[in-house]
Structure formats: C-alpha cells, structure tokens
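Next comes just one chain, in structure tokens: the form predicted alone.
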C-alpha cells in the first residue's frame, strides 16, 4: 500500500524534517506538510529555525485567546530598545504586545475603519476601482485593434490588484493623487523588506526614511489646516488626553500602505484564481454577485494570504504532550488550522457553499457561532485585524465591478504556479504572482 505521504529521506511520513519548510515544494504547496503536522506532530519543535509550530485549529484558537501565557511583543515597552528603529514600518502596532500602549495606539483611530466612517468612504473605493478598470479596458481595446491580441486581455495583478488598494489607502490618508505611482513603489519596497534578505531590508529602510521625510510637510499642514482625511485624524485625534507622536503617525501610514496593500491585493487575486478554476461556482457568482462575500470568506479559509502569526511564551506552557519553554518563539500556522479535518469537511476543496464555515460578519471575540467555525485569517480579540472591514469591502466591491466589466473571463493558457509564497528572503504574503485573463470585447 502506498503511504499517504512520501518523505524521500526515510519514507516515514511521521518524521518531519526542518528543511522541508524551506524547499520549493513547500513554497508552492504547503498543504501536504500541514496535514502531516496536524496528524503526527501538532506541536512541532523546529530546532533549525528555533520555533514551535502549532497546526491544529483548536490549539491556534486557544492561543489567540490566551494573552496570559502568550504575547506578540518582542521588546519591553519600558526597556532600552527604540521602537521603530529596526523595522521598515517604523513605530507601529506590530511591535507592541497586549499592554496599555498597544491598546491606546490601536484605539485612537480604530473607529475610522468600521461602521459609518467606513461606509462614508465606499464611494472612494468604487471611484478608484472604476478608474483602473477603465484604464485596462481601454488598453485591451487598443491592443485588440492593433492586432497585438486576439481577445481582450488583462494581467490582473500588475494592471489592477497591485495598484487598487494602494490608491484607496492613499485616498483615505489624503495623500496627493498625482503621487500614486510613488506610493505603489514605496509599498513594494516596504513589504519586500520584511523578509530576511538583507538587501531587501536596506532598500526598505531607505524607502521608509524617504517616505517619512515626504510626510513631514503634509503632517505640518494638517496640524493647522485639517481636512476630512486620515492624516488629519492622526494629527488631531485624542484618547485619554493624549495625541499621537509624529513617529507614531508615520508608522500608521507605513503600516497601512504595507499591511493594507499586500493582503488586499493578494485577496482579490486569490478570489479570481479560485473562481476561474471552479467554473460552476464562477457562474453562480456571475448570476448572483452578492455571493462574492462568500467567495472572500472561503478564500480566507482555503488559501488566504496570511498563513501564520508569531507569538512568544511569557512562561512555561503545557500544550498537549509538550512543554513550551519560557521565551519560546511560537508560529501559529493559520493555513494548516484552516484545513483541519477535525473542523472542516473536505478542506482541500474550494467551496463557497459549504455549510461548515461561518459566512457572517467576522467574529472578533470567538470562532464559533451556532456550531459553525470561522476562518482563522483575521486573528481574534486583542489582535483582531484592524483593517478587516476595509479589506472585505475593497475585495468584494472591486470583484463585483470586475465581474460586471469582464465579459466571459477565462484564464489565459500560460504557465502559472497559482497561489504560492514569495521567493525566499523577500517579505510578502502568499498569493498569485501573475494572473493572465482573456475576455470578450
């Protein structure tokens, strides 16, 4: 009988070697290794990269809620480390744990990304999407007239999704529209710098410093001439009698450009990749565009852009049959938990009609509602994704507009790895590297 998994070195699927996380097979398709982790070593000690990997849904869920024993902080806010000095994002929420500094910095502008403030900005989302769609449709028509193509064609990543969320974020911040190309460049440099490649890191730090210098006169202006934009909100918002420092304002801008850009960009790509590879579901969404919300949710479960989050133990922690030492680095493998057969039936299948996934409004304080589990992609409670509602609105609205604009879209017959991790050393999240689509004109 053929073993369900084959490991070249031993033939024993229960032996998981650390180098398997570094190979090309894992970069392209990590799910077989995820399953071996869940089945054989759900609490796995990776001695090579000095980390513990958590792969089952319930264990990840439990750690998300356990701020007493686990923290996202690396440095002591009252220690000697200068926050923002060693990251391409500057001073941001990503450096802080669960304490009062984090709660204050998050809370001072959290309301801008949900509810009525977010709804008031939907016209901006629609305007930006429509502008870019019109641009690539005009280019497609010109290419067809000139005989360069036989059909309408768009490379969705380059011509739409990599540009769209950055332009939305720039608009929300109130940054000059004529500098959109610059913001797209900065976004790429900041995200690439979050890997471990030293050359990427140095370029990212340089781009960060240039961006922060660019922001200074804009922030000076908003102090005396506030407008209806987020830069003005950063300058004038108060909480508990305090306002943000200039470094914190700049860190928020960098975080929004990098964090809000790449994940939303990759979400749109993944939604379209999965739909065009599942024609029956594509046709159902084409006939009922409101199903696009379900596409977004199932995409986050099936192969979302964020496959892991990091934590650190504050003390020794007993977890299943293991003892995690104090100060241990812990990686929550969200991509593995989202495919846990103990929670989701047939998890390797993309299915927007599954009945074992919660499709309602994201649950900030829990992952179960009426006995149905949610995806793990947005975090939970204290670290629930600040921009979750904006990301959903951007991805769903723009995908509905693309569905209306593209007649009979289909994947162009060119080589494509599909949804993969970026090359080693470069920061970024999992996604489609290019997405060539043909459509009728």
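Note that the structure is a prediction, hence the values are computed from the model and not measured. Residue numbers count along the first chain shown, from 1.
Just so it is clear, the following notes concern the form predicted together with a small molecule, a form of the same protein that is not shown.
In the predicted bound form, the small molecule sits within 4.5 Å of a heavy atom belonging to residue 309. Although the partner is absent here, residue 377 sits close enough that one of its heavy atoms falls within 4.5 Å of the small molecule in the predicted bound form. The small molecule in the predicted bound form is approached by residue 300, whose closest heavy atom lies within 4.5 angstroms of it.
The small molecule is not drawn, but in the predicted bound form it has a heavy atom within 4.5 Å of residue 64.
The stretch from 188-196, 211-219, 341-349, 261-269 that comes within 4.5 Å of the small molecule in the predicted bound form, counting heavy atoms only, is 261-269.
Among 396, 33, 386, 406, the residue placing a heavy atom within 4.5 Å of the small molecule in the predicted bound form is 386. Distance criterion of 4.5 Å from any heavy atom to the small molecule in the predicted bound form singles out 72 from the list 246, 314, 151, 72.
Shown here without its partner, the chain carries 281, 401 and 439, none of which come within 4.5 Å of the small molecule in the predicted bound form through any heavy atom.
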